[in-house]
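Just the one chain here, the form predicted on its own, laid out as structure tokens.
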């Protein structure tokens, strides 16, 4: 690995100043960043360690039912936190599903959201969309693990388990940068994911994810996360699903392993599920409706069937009867 400088940020101002350098990268647990550096798809000159920032390791559960999770909270801490498991079960389950115990102990929630796609064409430095080329090489190549929903550019998928749960929990992210702190939706955070070779996140120089924010409406109700993998452990999802029937009866469902950013299902499907009383034929029809716009490639059509199976199970579990 090439030489680099390590900088431990002691304050938000210090972190922003250091990250505003032309070739700086935010460091959490390093479980993806260091691999990306070895693969030479990332070549930062300065690693800015965010783990000592005030509040970065804190999980704050507020009296109004909302929560703030600092960027450097470890995934193992999220999975084991009694308050998170009680209020935001889908997030605790998704955090517990990441990698291995060692990876969960090192990996942070901010780094998990900021990790790069695991597409082998991109990771090998080949001239795909993400590496400055004009084609998605996976589209006509090895695409067993690639996306079902794309805009026609990059067919990679985002590998985060927590991202799927956070999507149904209506989470937002706090971004700290040169102009101070601002709040972004997850959709806005990933809006340039398919086109930006440097990152999947909509961040300006000096910006970093400082916290994940959960609204009070995300607490309680019926919520869960389920993940299908090629192997029984230590693997990324081929397809995953998070679902939440809120205490007010509204339903939110999202899929993972099928797109390069958050993938919430059609709101009309969620409304039908919220109504309840669905028979098997109705559930089958709704699962097919969710996947109507899927565009499987030569080798990943099996993901459509996996997604429909997860959707059917979720709809039955969410039925209020």
Partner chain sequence: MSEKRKGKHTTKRGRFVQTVVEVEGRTETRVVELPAFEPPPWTAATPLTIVGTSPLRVDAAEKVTGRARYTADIVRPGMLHAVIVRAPLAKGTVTAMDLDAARAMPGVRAVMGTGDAPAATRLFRRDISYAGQPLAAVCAESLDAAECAARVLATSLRVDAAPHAVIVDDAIAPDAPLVRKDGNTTAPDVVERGDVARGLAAAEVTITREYRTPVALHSALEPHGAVCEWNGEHLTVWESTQGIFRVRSDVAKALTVPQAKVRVLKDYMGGGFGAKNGAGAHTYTAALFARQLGAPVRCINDRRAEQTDSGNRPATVQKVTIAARRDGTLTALVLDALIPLGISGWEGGPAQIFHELYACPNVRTTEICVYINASGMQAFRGPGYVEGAFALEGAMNALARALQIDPVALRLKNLATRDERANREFSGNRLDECYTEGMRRFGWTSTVHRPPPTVTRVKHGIGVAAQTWPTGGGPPSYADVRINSDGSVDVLAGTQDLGTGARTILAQIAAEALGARLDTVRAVIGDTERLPYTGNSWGSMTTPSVGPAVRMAAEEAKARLLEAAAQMLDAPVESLSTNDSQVLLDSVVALSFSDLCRKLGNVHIVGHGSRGPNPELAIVTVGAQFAEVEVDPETGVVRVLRVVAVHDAGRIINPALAESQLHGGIIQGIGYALFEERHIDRARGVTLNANLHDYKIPTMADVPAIDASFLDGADPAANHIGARGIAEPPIIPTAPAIAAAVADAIGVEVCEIPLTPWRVLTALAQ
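Numbering follows the first chain given and starts at 1. Nothing here was measured: the structure is a model prediction, and the numbers come from that model.
If you look for the form predicted together with the partner chain, you will not find it shown, but the lines that follow are about it.
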Exercise for review: Tell me, out of 161, 226, 207, 200, which residue has a non-hydrogen atom within 4.5 angstroms of the partner chain in the predicted bound form.
Suggested key: 226
**Study point:** Listed residue (196, 170, 142, 174) with a non-hydrogen atom within 4.5 angstroms of the partner chain in the predicted bound form
**Key:** 142
Review point. Want to guess which of 175-183, 207-215, 246-254, 114-122 is within 4.5 Å of the partner chain in the predicted bound form, heavy atoms only?
Key: 114-122
Practice item. Spell out, yes or no, whether the shortest heavy atom distance between residue 40 and the partner chain in the predicted bound form is within 4.5 Å. Key: yes
Exercise for review: Check whether residue 20 has any heavy atom within 4.5 Å of a heavy atom of the partner chain in the predicted bound form, and answer yes or no.
Suggested key: no
Check your understanding: Is residue 149 close enough to touch the partner chain in the predicted bound form, meaning at least one heavy atom pair within 4.5 Å?
Key -> no
**Study point:** Residue contact check: residue 12 to the partner chain in the predicted bound form, 4.5 Å heavy atom
**Key:** no
Practice item. Select from 302-318 the residues with a non-hydrogen atom within 4.5 Å of the partner chain in the predicted bound form and write them out in sequence order. Key: 302, 305, 306, 309, 312, 313
